[in-house]
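This document starts with one chain, in the form predicted alone, laid out as structure tokens.
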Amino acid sequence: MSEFDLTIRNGTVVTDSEQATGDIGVKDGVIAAMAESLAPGARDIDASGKLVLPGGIDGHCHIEQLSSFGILNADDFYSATVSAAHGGTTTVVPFAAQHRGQSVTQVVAAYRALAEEKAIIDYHFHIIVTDPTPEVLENELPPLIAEGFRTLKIFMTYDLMRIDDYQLLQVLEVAREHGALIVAHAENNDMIRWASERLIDQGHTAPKFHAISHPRLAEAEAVHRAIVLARFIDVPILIFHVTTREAMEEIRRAQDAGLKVYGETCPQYLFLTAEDLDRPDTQGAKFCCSPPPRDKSDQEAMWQGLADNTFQVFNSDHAPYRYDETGKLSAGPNPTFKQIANGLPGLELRLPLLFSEGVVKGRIDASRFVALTSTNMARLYGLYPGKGTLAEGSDADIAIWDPEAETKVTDETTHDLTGYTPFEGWTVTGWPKTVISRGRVIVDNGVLDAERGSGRLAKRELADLAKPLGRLEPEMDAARNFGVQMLR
């Protein structure tokens, strides 16, 4: 009988800090051994010429979520996690979204039930807090945080979702007392409201005006304010979906000052611009998201932030709405930009796009790719070292990449249910050919082999965010000794 259930041999194994050629042995869903050479397992995969990476973690995605306007995402937990798996992602952290008047405890239970029934990969949740009543703050959030729901999302915009500064301070206080990370959608609501009203009053209602209605200064101001409030309470904060150089520089200044401030950007801000919203008829609605894509100079700034570690994580912000009356056109065939559901699909293409445009084109190396898409996410969210790395004792969440495979992106090549992709016609170089979740080969050369409900609620601990991580420099730990493991 073989010592291992599965072995991956002869591949270039990549962590967030090192690369080495060698083998990985998997037993009972975890990595049992890493060495220069291992005996074949019960199932043996020859990864010669391939990169062996930790499975991706998408820490910002909306799955089977009802918007504040009552519009449901196109994907449920089955279709979303199938799509994620085909793109090399093995863990997702979507949202349990409280709407005003709802019990957070009941909301989390409802989302968990949906995932338990349908998800094929592992998952956890952020809690969206839109109604921080005394009951929520004092009696509901503390036990949920203790149970592992250690990230609280707040909105500084959207009339039906945002909380004011005083309420934000209350949520920050709960996070400090009970050990939670705040994640923030930071835009100035009144600036957006003012701009939107004037555009619509002047008859400027087409999708392209969505980009104009979200001033870049509205983002920079709110990012600054969120950082100041988090500093006042002394709570770590992650700023979601950064789009502009000005907002990025606010984050960088805070990090240089030693504050516990982290940053994220997303594919739409590297690869799309405001010009994509200017399309015939209402086709630009397909590209409406908030904050909106900006311009070429901001794209270059986002790449700079990914390369110099101003941004610690790169997530999809997958928010799929169909281009029909159930989604983007729910208000009718000619909606104003204010009536268009905000969001784009991205779970499946997040990793291939970044690999192709980042690693292949030399903007970042493979270890930085792993850090941005997996390891740093696991560290920030308390999933590490069970997730986010290749080390003995870690879950066998692994993606085996063909770095030279070329794929032309179409709606037919992706697996979500949106009905379109904003990256139609793009050719990407590099694709995960074999994807493994807790030792199970769930995708092999495009063929899915995973049952509904086979994903699990991942284990989350209290993340070590007590010290300023600044650029989130890796610590010496099991992953740092990776090269020694491989040569034993």
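In this text, residue numbers run from 1 along the sequence as written. Every value quoted in this text rests on a predicted model; they were computed, and no experiment measured them.
Not pictured, yet referred to below: the form predicted together with a small molecule.
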In the predicted bound form, Arg460 touching the small molecule (heavy atom, 4.5 Å): no
The small molecule contact in the predicted bound form: Cys289, any heavy atom under 4.5 Å: yes
Heavy atom of Ala319 within 4.5 Å of the small molecule in the predicted bound form: yes
The small molecule contact at His241 in the predicted bound form, heavy atom, 4.5 Å: yes
Single option in His224, Arg294, Arg368, His185 placed near the small molecule in the predicted bound form, where near means a heavy atom within 4.5 Å: His185
Selected contact from Lys153, Arg245, Lys208, Arg252, since only one has a non-hydrogen atom within 4.5 angstroms of the small molecule in the predicted bound form: Lys153
Partner-facing stretch of 424-432, 22-30, 437-445, 54-62, counted where any non-hydrogen atom is within 4.5 angstroms of the small molecule in the predicted bound form: 54-62
